[in-house]
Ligand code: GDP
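In the block that follows, a single chain appears as structure tokens, in the form predicted on its own.
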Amino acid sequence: MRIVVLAGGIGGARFLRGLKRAVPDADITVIGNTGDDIHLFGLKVCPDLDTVMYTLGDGINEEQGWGRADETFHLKEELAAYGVGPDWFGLGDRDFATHIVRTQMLGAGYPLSAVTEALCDRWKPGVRLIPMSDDRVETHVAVTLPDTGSAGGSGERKVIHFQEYWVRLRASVPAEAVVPVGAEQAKPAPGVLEAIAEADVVLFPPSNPVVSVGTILAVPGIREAIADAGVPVVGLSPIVGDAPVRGMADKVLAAVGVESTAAAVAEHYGSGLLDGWLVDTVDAAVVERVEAAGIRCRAVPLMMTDLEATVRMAREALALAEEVRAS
């Protein structure tokens, strides 16, 4: 079985671990979000690609879901002592090595897809990990920052990098717009469209539908390739009980005019893209609404409380795909 998965960071990576266990003989291609990429300290940092690589390569910090296990932060502390920022993005010493190697290879002329393949040679994630594009795409967020001056001030409207919004501000102010800068001019990385064309099933894990899966779909050609592939496309809701399972997806959903519900996210993707949609059992009441939108829907447990629970989720997604295929 050939499976293509569109993945963001923590949720996508943890789902992939369950998927690998559920179908150990499957040929899995992961199209990774690069809209979260950022340049820090002169280095190219790819948070979502690295989270997938570290998680499947048994090098992740399990407790926080990102960064390296057994990490130290001496370099970060030394940079802070010199007054070099930003201080809100915590790169660890082990993690720095990955970004140094990546930046050196990019500087030598290798595309990001080739660099990612080289990095995966060390980690052996057991999947083929491809960035959505070799071109630079960065998700930015329009916000109005609180006025720290006189009373009654309206504040400053700014467009900031998604990482600053997510990590530094902790999504504490409303997102007024979300823009994947550079996406319209980007091309899918080598192997992306081919993997979709050859897939037996395409899965959307419970990743952020706006800034993870949505950013991948914003690269011209990817959404169209999935819609035209003629294979089941099944997603798992990242919204359970009208709230994000993890993170602050409700903040960016509001920015694109989508309510924070499992049904609304399915409708946001649309029946032209999705064939099947899994919601959590607590949201069983929305199954009828989703099916009325032309998307086959089932309610199953969707909390990745441990590996076995995640394996069951993956099996449910593949079972729904087979149900769609047989219909």
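Heads up: residue numbers just count along the shown sequence, starting at 1. Keep in mind that what you see is a predicted model, and the values were worked out from it rather than measured.
Just so you know, the form predicted in complex with the named molecule exists too; it's not on screen, but the next bit is about it.
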Open item on the list: Can you tell me if D48 lies within 4.5 angstroms of the named molecule in the model of the complex, counting non-hydrogen atoms only?
Closed with: yes
- [ ] Considering only heavy atoms, tell me if S133 and the named molecule come within 4.5 Å of each other in the model of the complex.
- [x] no
Open item on the list: With the partner left out here, check for me: in the model of the complex, does some heavy atom of L302 sit within 4.5 Å of the named molecule?
Closed with: yes
- [ ] Report whether the minimum heavy atom distance between I10 and the named molecule in the model of the complex is within 4.5 Å.
- [x] yes
Open item on the list: Counting any non-hydrogen atom inside 4.5 Å, which residue from H140, H99, R246, K76 sits next to the named molecule in the model of the complex?
Closed with: R246
- [ ] Would you point out which of 67-75, 183-191, 205-213, 169-177 contains residues with a non-hydrogen atom within 4.5 Å of the named molecule in the model of the complex?
- [x] 205-213
Open item on the list: Within 4.5 Å of the named molecule in the model of the complex, counting any non-hydrogen atom, which residues from 180-201 show up?
Closed with: none
